[in-house]
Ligand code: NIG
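The form predicted alone is given below as one chain in structure tokens.
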């Protein structure tokens, strides 16, 4: 790299640059998700933290090369920084013992009867102080950015008490200040009914609606409200009440929908105009058509289906119908312990019949739209934040093709160059 006082940094000698083509749209839907631009022998001009120019290396205007900071791209492939739009990254402890039990044939009910499952994570998260939760989350974020993720959503939902849900949101906002990754927080007090309210679920729903939501909104701890709408968790009516309460307090609605059964969470997402509905493994054909006519983003979480051996969401049907599809890891201690977006892209291709182009769009611009951030991240376009991942591979199609290896050589986050190898 050549050093100068110029405001411009020019990354030259890139094998390829590939990005979704948005034409000013906040997301791409249906077959538009295949609309990507590929520039061979590319260059990128960065002005401070913003993308100034992209094109072929031979076409870089002289105004940018005169006295500029020049970085040799070393024949790498440049893609937009990945956006992980659904994670549960703040938690007290991992649950590998339960994984071993499940591999030995134990059912979810048997594991739960021994104190496992989500109640295990609730217990350890309640026991952990902010400092420990922060340190662990920072380590996870360090690993995520090395896998190319530059924007991530983190949910609460393992506290399930007013004090501990606020503690989780405080931790998320602490790491938001401390880490280079863009972080978006989501309130998920309605993740499950906590053990102490097992026989008094109405009281817990009241607590979420009358105390938790008003407090986190007043303190500006988050801009989103989520709910796990599923049999054994929150009913359709309870979910509607929680999301409507969030809307009344200016928290945009999100929903975990139709993961284990066709309960109707997808239709509720349309009804409340949620920004996204995630999982959708058991979405109905009627709801797929509704998504195709709406702006609600369908969040695909293939890592959960892989990890638990469940059905995959019908991504192909959703895209062919014209829906907006996004992709995320759902990184959490119980059902998907992976923070690799490229691995999710491979699963989306092989198990959900998405094309490499569609997975790239789903993991970048559409995922950004699910966080209301697509105006600044999610594609390599002039005027957007310089969030770019550089990979050692021959072309963009190689990323989902060659799984199990981290191809990331370097990441540029908001114009800051992070080189790994």
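Worth saying up front: this structure is predicted, and the values here are computed from it rather than measured. Positions refer to the first chain, counted from 1.
Not on display, but discussed next: the form predicted together with ligand NIG.
Using a 4.5 angstroms limit between non-hydrogen atoms, residue 254 is distant from ligand NIG in the model of the complex.
Proximity of residue 228 to ligand NIG in the model of the complex falls within the 4.5 Å heavy atom cutoff. Using a 4.5 Å cutoff between non-hydrogen atoms, residue 332 counts as a contact of ligand NIG in the model of the complex.
Of the heavy atoms in residue 234, none are within 4.5 Å of ligand NIG in the model of the complex. The three residues 78, 339 and 403 each lack any heavy atom within 4.5 Å of ligand NIG in the model of the complex. Note that among 136 to 144, 324 to 332, 165 to 173, 242 to 250, the stretch whose heavy atoms approach ligand NIG to within 4.5 Å in the model of the complex is 324 to 332. Contact residues in stretch 86 to 108 (any heavy atom within 4.5 Å of ligand NIG, taken in the model of the complex) are 86, 88, 95, 108.
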